[in-house]
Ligand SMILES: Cc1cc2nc3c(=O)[nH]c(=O)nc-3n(C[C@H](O)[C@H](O)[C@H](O)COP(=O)(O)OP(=O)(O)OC[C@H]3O[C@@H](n4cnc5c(N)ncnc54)[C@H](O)[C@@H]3O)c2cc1C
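As structure tokens, one chain now follows by itself in the form predicted on its own.
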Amino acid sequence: MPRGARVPDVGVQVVVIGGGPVGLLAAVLLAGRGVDVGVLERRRERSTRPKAIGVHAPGVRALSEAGALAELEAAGTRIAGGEVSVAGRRLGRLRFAEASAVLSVPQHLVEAALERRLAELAPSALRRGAEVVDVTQTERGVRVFLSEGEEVSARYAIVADGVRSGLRARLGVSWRRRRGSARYAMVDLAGPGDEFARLHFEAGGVVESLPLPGGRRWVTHLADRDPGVPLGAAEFAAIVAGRIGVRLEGVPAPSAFLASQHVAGRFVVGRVVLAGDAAHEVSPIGGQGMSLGFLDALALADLLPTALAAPGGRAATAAFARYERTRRRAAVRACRRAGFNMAMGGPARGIRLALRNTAVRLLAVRPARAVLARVFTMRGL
């Protein structure tokens, strides 16, 4: 349908583009504050592929405020600390403070809980199968255009459509690369587990073993392996066995991915605000991207009611500027931390391996251990 044709126009105060965990959380928090909100999600069904699992203390607080924490605590498990080892020798064990324990719960369960909570607060807010193709702005609001020709009007828009955001470029926002990239593979295995994450900094590359509800997630650095050749379950198991001597049974097809990092050139464009992976891509290897996005949602839940109450006023202008400033700083810090983690977890030989092992040993003793705990639990973001 041509852009100028007459189409149905649905109006809300805030439209959220993207129904992943960050977009849903923002919508729930805004609806809880009495804001008329709508969520447009391209996917018709939730994906259950392995994605993020760690919700750190700031994200736990956000889920509590959203009224979804109890359900997720029942479905998840705690990560109470971590162990670091090199060449079969455990260098240290780090236990998190009770308030800083990480909630391990698959992302699709987080999305499901938030979707149910949104349905309680605003029954018709979420619309699946709604593909957004463009956003335009006026002094009084935004117009969101869908692929079917329909329009949604709103006072403000939150773009939370992920790393591959199609709207970011249309808004003229650059996507700036940050230091750090590497290839990894991961599998989720059912079976016995405990509350500790285990990081094996081996010469061939890091192997991580993370608590999951009813099992563990295994992540391996793929080193110099040809990314064009598919990775099979047997090869994944062989990598783990060769590096740390653990033989995994019943390994499913692994999910291989490239971890890279970017930060958007702008987080605010007029009445449109970027959040979550649309604003910052942080390596999942210690980057804690989902929890970082939850902090974006919390900030927007405070910002947008102020802007709606006094549009164009000094308070609204200051609130948008503060969001741009504080969330960018947080994203840059998270990228820096994740970049360090990726560098530590890469393959190493000779002098580089010796230097890395020394650094790992130093991080496992006081007072560096307290700093390490702060990084693992997302303090300061």
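Numbers follow the displayed sequence, beginning with 1. Because the structure is a prediction, the values reported are computed rather than measured.
Separately, the form predicted together with this ligand exists; it is not shown, and the next lines address it.
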| item | value |
| --- | --- |
| In the model of the complex, segment of 28-36, 45-53, 66-74, 341-349 with a heavy atom within 4.5 Å of this ligand | 45-53 |
| Non-hydrogen atom within 4.5 angstroms of this ligand in the model of the complex for each of Val132, Arg217 and Gly289 | yes |
| Of Gly193, Gly81, Gly162, Pro305, the one that lies within 4.5 Å of this ligand in the model of the complex (heavy atoms) | Gly162 |
| Non-hydrogen atom contact Gln107 with this ligand in the model of the complex at 4.5 angstroms | yes |
| is_contact(Phe257, this ligand) in the model of the complex, heavy atom dist at most 4.5 Å | yes |
| 4.5 angstroms heavy atom contact with this ligand in the model of the complex for Val15 | no |
| Contact test in the model of the complex: Met186 vs this ligand, heavy atoms, 4.5 Å | yes |
| Stretch 18-43 - residues with a heavy atom within 4.5 Å of this ligand in the model of the complex | Gly18, Gly19, Gly20, Pro21, Val22, Gly23, Leu40, Glu41, Arg42, Arg43 |
